[in-house]
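Presented as structure tokens, the chain that follows is alone, the form predicted alone.
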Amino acid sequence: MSENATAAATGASATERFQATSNGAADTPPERLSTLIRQVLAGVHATIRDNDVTYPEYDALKAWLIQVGRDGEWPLFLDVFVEHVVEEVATADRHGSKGAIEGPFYVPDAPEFGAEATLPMRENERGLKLTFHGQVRAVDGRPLPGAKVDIWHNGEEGFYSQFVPDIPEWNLRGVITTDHSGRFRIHTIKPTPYQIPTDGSTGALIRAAGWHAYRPAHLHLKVTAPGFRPITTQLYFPGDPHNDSDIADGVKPELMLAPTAVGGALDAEYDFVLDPA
């Protein structure tokens, strides 16, 4: 594993990308913002009262919050510990496929391909070969030709391209366009479980709480089609030792793949069902 894959480097990349695309609370009415902030503070106040928090504990919290900002780790911390609840609430009314967190490692404008493609990868990329295929449909069963399946995942070392040095820019990233039947086929490698960066303030919290810092192996996907609500999701592999204790709490039964072994490689099928916009 690269010694340069630090929390600081990862956090800085994620922060820069987030700030470039976010308008903050610009579209949130003051009344709504006031309600949310007051409820967050009420939860903090209740925790302090219920647990008789001491001044040394309070000072430790202040020091840690300050360090999270200095380390540039707010995107990492929030994506790992908070986003799964936001995603759950935001997609509760959907009838199609289940969603999951986006996480901090998405990069837009990946190379685009036709309905069958091999993701960009290094020569002699290490890892178990994986063919991932399926169909994109509407909730009424209609296939959706021309849908976009944006996929990204880590390599055998556990790292994502563009977030650590020495990995090609679009390694294991691509956008596949479905054929006339809404079908796609992607050739890649199986991702691996990985530990989120722990050398910074997020890692300090994890160690202090006695937690592990691992995510199970997963594929990230964004699936879009004109006239339909986009879906962001992750797909997982059975038997992963971290499926039941994912640090980001992103695993759902509906997102579990059922791969089969085919000639020393894996074949996995999964269909996506989109809700109308």
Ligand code: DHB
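Residue numbers here begin at 1 and follow the sequence given. Note that the structure is a prediction, hence the values are computed from the model and not measured.
Beyond the structure shown, there is the form predicted together with ligand DHB, which is absent from this document and is the topic of what follows.
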Using a 4.5 Å cut on heavy atoms, which of Val80, Ile186, Ile151, Met121 is close to ligand DHB in the model of the complex?
Val80
State the residue from Leu144, Ala117, Val164, Leu76 whose non-hydrogen atoms include one within 4.5 Å of ligand DHB in the model of the complex.
Leu76
State yes or no: in the model of the complex, is some non-hydrogen atom of Gly182 no more than 4.5 angstroms from a non-hydrogen atom of ligand DHB?
no
Distance check, Phe132 to ligand DHB in the model of the complex, heavy atom within 4.5 Å
no
Ile196: touches ligand DHB in the model of the complex, heavy atom cutoff 4.5 angstroms:
yes
Gly99, heavy atom within 4.5 angstroms of ligand DHB in the model of the complex
no
Listed range touching ligand DHB, judged in the model of the complex by heavy atoms within 4.5 Å, from 86-94, 101-109, 134-142, 173-181
101-109
Going by heavy atoms, what in 211-250 lies within 4.5 angstroms of ligand DHB in the model of the complex?
Arg215, His218, His220, Gln234
